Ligand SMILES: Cc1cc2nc3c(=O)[nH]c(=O)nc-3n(C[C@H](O)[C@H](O)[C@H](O)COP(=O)(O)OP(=O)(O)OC[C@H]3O[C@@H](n4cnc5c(N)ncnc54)[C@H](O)[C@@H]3O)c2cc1C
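Encoded as structure tokens, the following chain is the form predicted alone, with no partner shown.
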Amino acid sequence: MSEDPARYPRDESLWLATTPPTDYDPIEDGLTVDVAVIGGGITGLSTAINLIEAGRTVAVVEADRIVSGVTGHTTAKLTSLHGLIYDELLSEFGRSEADQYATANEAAIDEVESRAASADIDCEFERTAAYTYSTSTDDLDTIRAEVRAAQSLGLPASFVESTPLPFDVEGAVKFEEQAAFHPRKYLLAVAEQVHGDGSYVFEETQAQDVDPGSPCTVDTERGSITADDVVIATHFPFFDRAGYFSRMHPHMAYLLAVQLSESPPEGMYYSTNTPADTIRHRRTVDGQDMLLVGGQSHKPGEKDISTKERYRRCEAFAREYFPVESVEYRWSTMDYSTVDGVPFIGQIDPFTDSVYVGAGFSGWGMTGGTAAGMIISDLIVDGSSPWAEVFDPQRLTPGASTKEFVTENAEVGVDFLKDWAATVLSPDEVPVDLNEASVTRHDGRPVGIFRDGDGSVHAVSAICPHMGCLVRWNDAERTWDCPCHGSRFDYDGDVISGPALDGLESREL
């Protein structure tokens, strides 16, 4: 697909804008396969292709279109450098588990490179350095400790006092031989390999429930799938009997793809700031090199700073340090982090030995999702994986997770009570201005009301069907976002992303 500069700037992910749409059929009748994979992002498709290569038949079920959710809205960094994590892994988990984490993520980079090369997938794969940098001397001891920890695990780490960035840093962790790529170009080619010869990719087919029997049954809105094993590779594990909603918390971030008047700096960057800044060079064969700049991470639905203001801050940061000619694309993404910072990959709960999960990648899903595909396929085919222990969803890590667990869930409880109290006491009124919205009380019930640019009013229940929290308005993307567990809905109430499976009910005013 050509990239026409006259159409920009666009409120669309670069990866979606520069690849064709998909058109896989929905499931029509029930079928039987070896493994049902729910979710058509990098975790689901990576798992599926590995299982097929091991001789299993697979059905990938996607509620919307494949690679259009979180995977289609990423920074697309393939790296084992995940902020500053290895020193903490060593102290909180132990050397064996830290080594598993490091090895799995390094192997994931090699997996994408190898698969792209063997299948001749033109996905802009490029080896490059990754940096976690600080502009403050306060972080230098932490950065040096991270370098020592990473080096002790055999990672390609070094401490540097300068980077190719056009501003000074006090110090940085540098990992050599990391990679950048175009995730949709890669995964759309993988999906083509999955679909056929007794395996399937189904779109616009929402999975609604799983019966973890022997065999398992996946109920969808269009028919059932019978399978020996099921993989939950959705953004949030909708089949949640182990309290994932209390052990994972969502955060949103924002990205710009900008055109510069000179060549962008080489490499991929992540700062120690709060919120962190992220920077990444995107190289193309047609000379349309761009810089991806973003950050402004926050919990969804936070009221202190509007979404429009967060985009403005991202652009201000880009223009302060780089010769920006134009902002070509802008988009948001939402990720889930676990309370101890390590993804959940493996058996979904202690009671279910044939249902697996891959979730909670903390913004590092390109390597995490690829690694999850390798680990889960090994668990299904061989019954074990050399990297499984550290990612075990049933693990207990009290030192690493207790404080985060208590803090996050306490904040959810406070938000729940404050929003309900404010809405109960709010006046019953409809927004007057165009493109404005509010949560208000109507006939004694919380209602989300949006007046569009034509003056038409859209009213929906403001109660998230997942666990009863009240949604909040996202002014830049015109969505209703749940601050508790991250469900998102369009202004007519349709689900954009879960954990909610049902939309917000329409309301008459």
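Start at 1 with the first residue shown and count on from there. Just so we're clear, the structure is a prediction, and the values are computed from it rather than from any experiment.
Form predicted together with this ligand: not shown, discussed below.
Chemist: In the model of the complex, is there a heavy atom of this ligand that lies within 4.5 Å of any heavy atom of residue 448, even though the partner is absent here?
Modeler: Answer no; every heavy atom of residue 448 is more than 4.5 Å from this ligand in the model of the complex.
Chemist: Is there any non-hydrogen atom of residue 175 lying within 4.5 Å of this ligand in the model of the complex?
Modeler: Output for residue 175 is no: heavy atoms all beyond 4.5 Å of this ligand.
Chemist: When the contact criterion is heavy atoms within 4.5 Å, does residue 89 count as touching this ligand in the model of the complex?
Modeler: Answer no; every heavy atom of residue 89 is more than 4.5 Å from this ligand in the model of the complex.
Chemist: Give a yes or no for residue 43: in the model of the complex, does one of its heavy atoms lie within 4.5 Å of a heavy atom belonging to this ligand?
Modeler: Judged by the heavy-atom cut-off of 4.5 Å, residue 43 is in contact with this ligand in the model of the complex.
Chemist: Counting only heavy atoms and a 4.5 Å cutoff, which of 55 to 63, 26 to 34, 452 to 460, 472 to 480 contacts this ligand in the model of the complex?
Modeler: The contacting stretch here is 55 to 63.
Chemist: Flag this candidate site as yes only if 182, 293 and 329 all have a heavy atom within 4.5 Å of this ligand in the model of the complex; otherwise mark no.
Modeler: The answer is no; none of 182, 293 and 329 reaches this ligand.
Chemist: This ligand isn't shown here, but in the model of the complex which of 437, 143, 257, 207 has a heavy atom within 4.5 Å of it?
Modeler: Of the listed residues, the single hit is 207.
Chemist: Answer with one of 116, 153, 253, 188: the residue that has a non-hydrogen atom within 4.5 Å of this ligand in the model of the complex.
Modeler: Selected option: 253.
Chemist: Just to make sure I understand: among 209 to 234, which residues lie within 4.5 Å of this ligand in the model of the complex, judging by heavy atoms?
Modeler: Contacting residues: 233, 234.
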